[in-house]
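Form predicted alone, single chain, as structure tokens, below.
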């Protein structure tokens, strides 16, 4: 059978004059960042190169950036000259602004007619409190836009050589948070059900409570020799990975301290890392990703 001819490039992707590279973005028609509105934007898992074009556009047109603790400072250097930067980071065990105060500040800045960029690490709706902030903006009558970002539970794993799914290992994955509002192991999670519901469990903010979570998963039927992997500072040049098993997790964490922020992965999918660990020293020289 004869092969079909390759489609011709669409006219809008032809080079525009002599302009090439990133300069071509200046000629694109991006959504209007209207004064008095808020954009809730995910900056990705850390590496600046993993942010979206809409994220970059927002940073180039905003009046003020209200950013989280997990936003890589190297990303902020791409904010346009003259824009204000306001830190609103929350980290466990450290003095942090209240969520209500952050939301009120977003509403206040929008009421001043500013283009407000609420910049979050990862994805704003994946354990990022973005849903609550959007809800409050809606209640206050503030127009907003959601710009998704690459979540560390997917992108971070990829940089560790761990596919979130693999047809030879798992056809499902569970994402959950490893602590509640008090910092304790979430009591409203049915750990017995989670233990056998999916071959792979990806946990955010779980390092502190890993020993208790491991015990709960084993009590629910998970094997003691099931791998558990800690991916710290994912996608950054100083990324590190530690590996143990559920049965040895408590003892392991008595002598090892995974740096935070970290993603905790439970499941045999981590064993692909031996073959797929691509983010090696020679590729870590670039701070972009």
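Positions refer to the first chain, counted from 1. As the structure is a computational prediction, the values presented were derived from the model and not from experiment.
One more form of this protein should be noted, the form predicted in complex with a small molecule, which is absent from this view; the next part is about it.
Listed residue that, although the small molecule is not shown, lies within 4.5 Å of it in the predicted bound form (heavy atoms), from 192, 205, 83, 76: For this set of options, the contacting one is 205.
Identify which of 41, 51, 231, 38 has a heavy atom within 4.5 Å of the small molecule in the predicted bound form; exactly one of them does. Exactly one listed residue reaches within 4.5 Å, namely 231.
Thinking of the small molecule in the predicted bound form, which stretch from 162 to 170, 107 to 115, 147 to 155, 215 to 223 has heavy atoms inside 4.5 Å of it? Residues of 147 to 155 come within 4.5 Å of the partner.
Wondering, does residue 70 line up within 4.5 Å of the small molecule in the predicted bound form on heavy atoms? Because a heavy atom of residue 70 falls inside 4.5 Å of the small molecule in the predicted bound form, the answer is yes.
Quick one: does residue 133 come within 4.5 Å of the small molecule in the predicted bound form, counting heavy atoms only? No, residue 133 is distant from the partner.
Going by a heavy atom distance of 4.5 Å, is residue 127 a contact of the small molecule in the predicted bound form? The answer is yes: residue 127 has a heavy atom within 4.5 Å of the small molecule.
Quick check on residue 258: any heavy atom within 4.5 Å of the small molecule in the predicted bound form? No, no contact at 4.5 Å.
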